[in-house]
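Before any questions on how it binds or moves, here is one chain, the form predicted on its own, in structure tokens.
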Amino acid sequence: MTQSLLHQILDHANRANPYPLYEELRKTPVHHVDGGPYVVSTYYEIRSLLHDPRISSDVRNLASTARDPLAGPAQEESALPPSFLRLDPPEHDRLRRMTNRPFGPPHSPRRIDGMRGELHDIVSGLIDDIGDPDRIDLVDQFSYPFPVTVICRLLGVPREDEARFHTWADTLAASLDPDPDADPAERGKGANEARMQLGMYLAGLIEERRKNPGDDMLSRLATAQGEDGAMTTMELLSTAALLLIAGHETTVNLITNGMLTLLRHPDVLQRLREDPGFAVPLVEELLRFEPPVQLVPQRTTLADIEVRGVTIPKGASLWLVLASGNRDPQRFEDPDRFDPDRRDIQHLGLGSGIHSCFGAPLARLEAQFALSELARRLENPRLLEDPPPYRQNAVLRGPRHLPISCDGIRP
């Protein structure tokens, strides 16, 4: 029964609406799939485990345990070392601290806030270029190019190189998906090849920045000499690859899921059109209601841990279903209702603990600008397909395309 339920969640046929399956999953807060992972689906337990130092994100610990057949490809033989997202303290803390120096407070307090004008210009330009209002693919024409352009400018990656890294990014994002029907060895080989190609590409950019540094993050990271010293070349390549991919993949889903939800709730869309400031609480509720990262697989227990009366043994594979926790009625009243006026909304949409989303301030700002401008400028927008076609990925869940129509584009 348990294995069947987990396979249903991973089945692409249920991607458009996995929430009834999550509801069923929560009836047993800690599911164990024979020969596979322990799956935790309730809010308080997930939040506690995200803060528990006995839970490892280090892929080397995962690789040393019995392989989880649903965990996706192994990455231990990758050409690049693991990014800080897949490391534990103290390595994680050192690299994240170094990466944060050119990104946010206290060393770069205005880096993100100072991009407001730039974000507005990018959004306006993309909406101006939409063209035929009778059929718009919001993903291809807006939700994807917006965060890609932003992360390229932030890092100092030429926007015209997007065609080069798009395929690598897609391959690496797909490798996160625990698809039980995929060949782990083949996917692992493809992911490692993509990481190597992306690393070689970034190595060329970093070498240029070392010779001619600018004010972009790659330049700052490549020339940094802070209290933690400098990153090694391999650490720098791995960090740059993480920022480039994570800097747009999840935000594409956040914006697309957001617009899909607004089109299903026209009263909320109208309210946003009249009050752009409403975008702030709106995005927080979207992060709860339709989080861009649905689950976190490939965690490993470093000790026996008891959760709701179940002992998860040392060395076990652990999955945390964030999207299920966000709909837990023990934590949120009427959790399946989209309500941007919720007063208490400590969601798991950006994770929690030491691995909480590094780019959260930027993702929030991008989504706020994107949705408020779409609401203001699209006249009478409506869905052409509901549900739209979804990406295969069960981890990074979102529509692959979002076909919409409108009566025109306001200036």
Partner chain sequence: MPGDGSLERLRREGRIVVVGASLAGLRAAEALRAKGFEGSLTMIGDEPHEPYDRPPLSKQVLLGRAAADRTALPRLRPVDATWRLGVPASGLDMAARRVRLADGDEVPYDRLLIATGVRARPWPHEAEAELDGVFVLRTRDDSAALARRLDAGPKRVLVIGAGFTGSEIASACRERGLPVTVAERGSAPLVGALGGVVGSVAAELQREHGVDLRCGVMVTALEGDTSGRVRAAHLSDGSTVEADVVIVSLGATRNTEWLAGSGLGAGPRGIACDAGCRAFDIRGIVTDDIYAAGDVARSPHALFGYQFLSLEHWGNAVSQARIAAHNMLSESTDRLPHMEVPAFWSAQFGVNIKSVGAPSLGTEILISQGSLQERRFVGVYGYQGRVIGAVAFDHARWLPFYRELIETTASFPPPFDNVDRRPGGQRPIDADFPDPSVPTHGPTVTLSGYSPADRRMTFTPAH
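Just so we're clear, the structure is a prediction, and the values are computed from it rather than from any experiment. Numbering follows the first chain given and starts at 1.
We do not show the form predicted together with the partner chain, though everything after this point is about it.
- Proximity to the partner chain in the model of the complex, taken as a non-hydrogen atom within 4.5 angstroms, holds for one residue of 230, 185, 280, 302, which is 302.
- The three residues 111, 204 and 216 each lack any heavy atom within 4.5 Å of the partner chain in the model of the complex.
- Though the partner is left out of this view, residue 382 does not reach within 4.5 Å of the partner chain in the model of the complex, counting heavy atoms only.
- Contact check for residue 117: every heavy atom lies farther than 4.5 Å from the partner chain in the model of the complex.
- The shortest heavy atom separation between residue 53 and the partner chain in the model of the complex is within 4.5 Å.
- In the model of the complex, the partner chain lies within 4.5 Å of some heavy atom of residue 308.
- Contact with the partner chain in the model of the complex, defined as any heavy atom within 4.5 Å, is confined among 33 to 41, 365 to 373, 347 to 355, 382 to 390 to 347 to 355.
- Along 395 to 411, a non-hydrogen atom within 4.5 Å of the partner chain in the model of the complex is carried by no residue at all.
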